[in-house]
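Below you'll find only one chain, the form predicted alone, shown as structure tokens.
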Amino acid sequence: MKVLVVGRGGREHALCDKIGSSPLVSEVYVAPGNPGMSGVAKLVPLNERDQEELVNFAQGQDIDLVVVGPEQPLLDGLVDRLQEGGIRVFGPSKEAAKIEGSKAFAKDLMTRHGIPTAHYGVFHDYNQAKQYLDQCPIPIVIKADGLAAGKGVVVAQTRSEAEEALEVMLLEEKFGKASQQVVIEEFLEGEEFSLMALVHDDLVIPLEVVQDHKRAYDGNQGPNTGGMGAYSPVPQIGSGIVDEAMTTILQPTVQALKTMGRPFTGVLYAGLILTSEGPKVIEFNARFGDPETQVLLPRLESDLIEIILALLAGKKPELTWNEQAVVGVVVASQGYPEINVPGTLLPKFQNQDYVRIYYSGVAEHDEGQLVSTGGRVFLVGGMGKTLQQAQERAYGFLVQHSLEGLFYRKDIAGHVMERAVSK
């Protein structure tokens, strides 16, 4: 098979790596990709939003399957256009992807179908939003309705911080159309975790649980980002919680979308929080998470292409996971997510026995050398028999290298170890 992955980040690097390991696959292409992943896929210089060029390429190269990584092409309707061109694709339609594209849409769906989530209000008028805010307890969560690259969420610890978030989103339109409407949401307390499922029609197949670290700095301080690291497994989230989340959240959501005439195919990502009342939804995404994918796929023993083909054929695949733990640490440009400073020179790091490198924000500088393009630059994934060993291997790799102009959190998965020690 020839497989085309659409996207350019660390998630797509991990997908290309995993897809290329399948004996069913002869060629992996990535559009546009980045130079850091050239060892696992052929780079195709096409923008992920250029639908006609992507369709022409897939038809011209006799591509057997397309896997779409990022959210924006999904919301643009790339899956629909590929299917019109007779190309097999794994990802949701434009209508189904709205579960990620509009937080207000997702909240309304959950309310209508009794899917547990935080209380909320939706506003496009600043004064009405401010009046609602005045009645809400603090802390409170302010979210841009549309896509904002993981940065359109403010967890306000004070009323003035919440008011400033409303001003920035509704009056200053910091995120453009994405923040012309906002969701003001009750703050939920509990353990957050990510549960992704592979979906086609009525089939909903859960993946292993992952925990992401959204805040920029150690100790969960600083602004929200697209993710500064992740780890799996997540020992504090037991199988009973996963079963409950499947029964009360993921399966009903898939059925609700189908009932609405928006049947879902692809990866449904549920960002969840374990409250005293059970798991509740913080957010939905319509694709593989980033950086969750980079720590999840090294744990998947099964052939991802076999799984996808079985799903698309309406068959329930069996997934096998290895026992190892993976801790992934994101290395980002100084100032991320507020500013993105490019220009740091990097070697092309080589994978080691227990360390994987997945590149995201890089371009080619000289042959064999990369340069950062700003934002999240790469992820180091340490693997081990335990989370502690995996963490030691990830950070052990990082401390060996000078990363001037870049930064990373020093505490990814740290609270799990602290909890284990306290017991």
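The model shown is predicted, which means the values in this text are computed figures rather than measured ones. Start at 1 and count along the sequence shown; that's the residue number.
The protein also exists as the form predicted in complex with a small molecule; that form is not presented, and the subsequent description refers to it.
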Quick check on this chain: which one of M260, L75, C136, V141 has a heavy atom within 4.5 Å of the small molecule in the predicted bound form?
V141
Consider the chain as shown here, without its partner, and state which of L309, L188, I87, L203 has a heavy atom within 4.5 Å of the small molecule in the predicted bound form.
L188
Please determine, with the chain shown alone, which of 247-255, 329-337, 299-307, 275-283 has non-hydrogen atoms within 4.5 Å of the small molecule in the predicted bound form.
275-283
Decide whether A118 counts as a contact residue for the small molecule in the predicted bound form under a heavy atom distance cut-off of 4.5 Å.
yes
Partner contact for E192 in the predicted bound form: the small molecule, 4.5 angstroms, heavy atom
yes
With a 4.5 Å heavy atom cut-off, would you call V168 a contact of the small molecule in the predicted bound form?
no
Quick check on L346: any heavy atom within 4.5 Å of the small molecule in the predicted bound form?
no
